[in-house]
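Next comes just one chain, in structure tokens: the form predicted alone.
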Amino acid sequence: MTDNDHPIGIFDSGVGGLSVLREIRSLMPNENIIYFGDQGHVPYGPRPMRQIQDFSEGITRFLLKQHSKIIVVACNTASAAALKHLRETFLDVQFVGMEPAVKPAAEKTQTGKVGVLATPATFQGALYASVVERFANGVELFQNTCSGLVQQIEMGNLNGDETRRILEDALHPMLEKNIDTVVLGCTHYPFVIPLIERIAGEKVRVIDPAPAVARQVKRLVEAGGMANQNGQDGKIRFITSGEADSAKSILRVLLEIDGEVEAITWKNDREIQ
């Protein structure tokens, strides 16, 4: 395997980062990818920042042992809690993280009112505060943590009563405030865009940051001369810290892929066996 054959490493607390993988795959079909879903620890949202940093560092070390040429932190919570720490810890590694798409929302809103759906850790992080300070001037933001939504998506429940209830509870108060844009600040949430659109109506724009993240990954890979030029479809390796069978079944639901999933275990909260 040459350096250009080395995989793009992607990780998330669970299956949410598959929304980013989907976009990367669409843009760069011949790249090899290794995806790590930390389902043994999902959800990250309510966890302390230091613990999320430990998880993220351990996963990064694991992905680097698999010769990942770039690391995509396909998790808003991990990006908010750990991206700065990762960049300071792994000085020679390029990271691409997630940030809530407040800037494009602020640019596109007509009513000046924007809804943001994200986890508690994302809202509490310095990254979100920085994005709001830089780009949300003159725009009113309405926030909701959609408690329980990540777990529903992890179970593949994209259209059920509980998923609808969570989204209606989040969106209806925002719609009453005349929002015309919804920002998805969690990589799990793009999988319920169809339901969000049915609840919010056709006049409300839903912004998924995953395509922009995929474009940034492509730019960095090409600028670094790391693009895989073999002309064949790349291989995707799926790894979970949870149950392999349940992860395999959710792959079928979310990506319509019938792929194999490897299960690994944590030695402790900082090291993967």
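Note that the structure is a prediction, hence the values are computed from the model and not measured. One-based numbering along the sequence shown.
Missing here is the form predicted in complex with ligand DGL; even so, the following discussion is about that form.
Asks: Exactly one of V96, L171, V114, V150 has a non-hydrogen atom within 4.5 Å of ligand DGL in the predicted bound form; which residue is it?
Replies: Looking at V96, L171, V114, V150 one by one, just V150 meets the 4.5 Å heavy-atom criterion.
Asks: Counting heavy atoms only and using a 4.5 Å cut-off, do I10, T60 and T240 all touch ligand DGL in the predicted bound form?
Replies: No, none of the three is in contact.
Asks: Please name which of the stretches 103-111, 173-181, 191-199, 75-83 has residues with heavy atoms lying within 4.5 Å of ligand DGL in the predicted bound form.
Replies: Of the options, only 75-83 has residues within 4.5 Å of the partner.
Asks: Quick one: does V42 come within 4.5 Å of ligand DGL in the predicted bound form, counting heavy atoms only?
Replies: Contact check for V42: yes, within 4.5 Å of ligand DGL in the predicted bound form.
Asks: Listed by sequence position, which residues of 115-148 have a non-hydrogen atom within 4.5 angstroms of ligand DGL in the predicted bound form?
Replies: Contacts from 115-148: T119, T122.
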